[in-house]
Structure formats: structure tokens, C-alpha cells
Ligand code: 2AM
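Given next, in C-alpha cells, is a single chain: the form predicted on its own.
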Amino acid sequence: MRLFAAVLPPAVAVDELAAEVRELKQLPGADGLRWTEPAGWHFTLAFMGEVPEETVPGLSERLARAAHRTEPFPLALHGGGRFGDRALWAGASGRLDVLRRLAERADAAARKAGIDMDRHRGYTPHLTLARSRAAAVDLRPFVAALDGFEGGPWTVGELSLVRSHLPRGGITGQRPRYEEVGRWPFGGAG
């Protein structure tokens, strides 16, 4: 199964961002982007890729320990950025140091569970909003439009393990579907 560890924003934060995205979709070039669905918005902490089912119990135990060692922390959706001309994302503000430490802990949990995490790069907190279609779209106007966006703060209090179901059969417009397969509350044990 295809898995990743994530922080899932609450419904109120998703609603605030969805209103902003509706405005972004009015910008020139927006039809050249594949927009992600609000129901799937998340902050990926550690992408694990395909994981054998027998690995999941050990991974879950390690993620539970990582969550227990993390204190609840404030976070808000804020601004945005891009990865070249291939992905547009919303950023975050708040205790990004704790979010980065949680990403490191999730990565370490996966490694200790025997998952190859060589793909891991430096962590950039982001929530993907759109990806370029075949032709590149200049994402700079979209990033500029996101500059003033500041969602309301919320308290992050749990770590989630999410399964990604990729589209099958090349059906136009079909998007990945996400299923939360585990959730662990923070313990704040430092």
C-alpha cells in the first residue's frame, strides 16, 4: 500500500483555503492546472511510497511513539510557493520548528520500520494546491496572489498515517483518493 505520514488541517482551515483557491481559479492560466481536492489537502511529513502490509504494524508503533514525543502546537495556512513550474502550494506559519521536528520523527519511524527513505529531502512545509498539466504554466502570479493569504490558527494535536489510492485506467479528471489508516494524539513528552 502507498503510504505517507501527514498533518491534516481542520475543516475550518480547509474552508478558508478553499475560498482563496476559488479566487486563484479565476486567474489567467488556471485552466492549465490540475487542482487538488480540498478533501485531500494535507501537509505530508514523510512520503513512504509502497509499503508491504506486514510492515504497517511496526510502522504504526513507531509513529505512535513519535506522536507521543510531540507537544501540540499552533499552525495556520499562510502564503504560498511553487516548486518550479510544476506545483503550486499553500504554506504555513506558526511553530514550523515543531512541524519540521515531527517530519524528522516520522521519517525516522519509517526508516526504523525498514522502509527505504532515500527519497527524503529537506522538509518544506507545504500543502499542494495544483500541478501543471503537460504545458508549463507560469505559477508566479498564483504565488503573488497567495502572498496576503493568512488563515486562522489551529492547534495540531495528532499525527496521521494516510493511504493514497492512485487513479486507475486513465480516466480523465480522476484524482487520487486518500484514506486515513492511523491516527495518534500528541503526548507532549518532549
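In case it trips you up, residue 1 is the first one in the sequence shown, and so on. The shown structure was predicted, so the numbers you read here are calculated from the model rather than taken from an experiment.
This next part talks about the form predicted in complex with the ligand, which is not shown.
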Thinking of R2, H42 and F83 as one candidate spot, does the ligand come within 4.5 Å of a heavy atom in every one of them in the predicted complex?
yes
Name the stretch, out of 60-68, 125-133, 25-33, 146-154, where some heavy atom lies within 4.5 Å of the ligand in the predicted complex.
125-133
What residues in 45-65 sit within 4.5 Å of the ligand in the predicted complex, counting heavy atoms only?
F47
